[in-house]
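What follows is one chain in structure tokens, specifically the form predicted alone.
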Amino acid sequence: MNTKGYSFTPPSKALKWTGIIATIGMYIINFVGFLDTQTNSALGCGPDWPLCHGRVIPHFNNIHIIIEFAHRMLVAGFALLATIYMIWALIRFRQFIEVRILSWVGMGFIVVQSILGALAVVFVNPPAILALHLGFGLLAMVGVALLTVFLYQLGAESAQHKSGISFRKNTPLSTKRWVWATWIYTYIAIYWGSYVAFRDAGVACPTWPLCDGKLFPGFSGRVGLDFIHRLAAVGLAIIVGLLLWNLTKYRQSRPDLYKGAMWLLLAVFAQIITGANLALSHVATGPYLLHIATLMLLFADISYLVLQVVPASAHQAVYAERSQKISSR
């Protein structure tokens, strides 16, 4: 294997802390984006982009302008930081396919999310585009977050820290399929939930767990959209429960998978509880944001499990061996 020109020193504290800040920043971007749409502030700057009511700095006449302008500024600042971070990681650790894929996923979806955000403003917030905008925002956040996880794994390997839950090993094909299927189902359920919210169908079932007092309200109209969303949540709980049961046999050998699935199941229960609170509050802003906050953590968790079942690159073993030699000099 040709390793000429590759770095075998551990990721610096500066790089890893930049990753943490960039990850938190991407989380904030998505959180404020949901606040933007929930408060009907997405058109706070009118149908103008990148200007706001034709101005670089608008007059802050109402709360909608403040929220929309703050969202745009946060996107610009944290997206730039995240991009710098990913380019930095690419320059330092380009030998790892994980770094290349996660960096390009993060940067690619930052660009796509920005384009869809502009289209949503120009075309006055079509629900399908809004749902894609926020769904791709989650993928951008996960790209940055998993890149940071991987760099911390490299640091731990170089120091020969063989404890904890971060190390990746070979995983049976059946387990990989379970994890990937759960991730795909979760992403589809999240997109559907976003679409339901942007169709103003989240208030169609004002009671919980029954939908307006009915066990089966049907699949037509806005009630049907909301009912399908509830069924998807139940399906997710079942799938994650089965995933955890499947991973129980790895409790000792793969604590990263077992503990990750445990946290995932807790996140799903938190989603259901906050979803019930959201319905009973008639989609009030506070319960809505709490629901979204747990949703993003849930998606980050299942994405972490996906990272852990992907086979480690061939460079990882070489890196651990060479970096250990460097550290022992």
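Small disclaimer: the values here were computed from a predicted structure and weren't measured. All residue numbers are counted from 1 along the displayed sequence.
One more form of this protein exists, namely the form predicted in complex with a small molecule; it is left out here, but the text below deals with it.
**Q** Within 4.5 Å of the small molecule in the predicted bound form, do His71, Ser114 and Leu139 each have at least one heavy atom?
**A** Looking in the predicted bound form, the three residues His71, Ser114 and Leu139 all stay beyond 4.5 Å of the small molecule (heavy atoms).
**Q** In the predicted bound form, which of the listed residues (Thr148, Thr182, Ser194, Ser103) lies with a heavy atom within 4.5 Å of the small molecule?
**A** By the 4.5 Å criterion, the partner-contacting residue is Ser194.
**Q** State the residue from Ile239, Ile129, Val223, Ala233 whose non-hydrogen atoms include one within 4.5 Å of the small molecule in the predicted bound form.
**A** Spelling it out, the residue with a heavy atom inside the cut-off is Ala233.
**Q** Does the 4.5 Å heavy atom contact test between Gly275 and the small molecule in the predicted bound form come out positive?
**A** Close contact exists here: in the predicted bound form, Gly275 approaches the small molecule to within 4.5 Å, heavy atoms only.
**Q** Using a 4.5 Å heavy atom cut-off, state whether Arg254 contacts the small molecule in the predicted bound form.
**A** No - in the predicted bound form, heavy atoms of Arg254 and the small molecule never come within 4.5 Å of each other.
**Q** Do Ser303 and the small molecule come within 4.5 Å of each other in the predicted bound form, heavy atoms counted?
**A** No, Ser303 stays farther than 4.5 Å from the small molecule in the predicted bound form.
**Q** Is Gly143 close enough to the small molecule in the predicted bound form to count, meaning some heavy atom within 4.5 Å?
**A** Output for Gly143 is no: heavy atoms all beyond 4.5 Å of the small molecule.
**Q** Of 201-209, 72-80, 239-247, 88-96, which is the one stretch near the small molecule in the predicted bound form, taking non-hydrogen atoms within 4.5 angstroms as near?
**A** Comparing against the small molecule in the predicted bound form, the contact stretch is 201-209.
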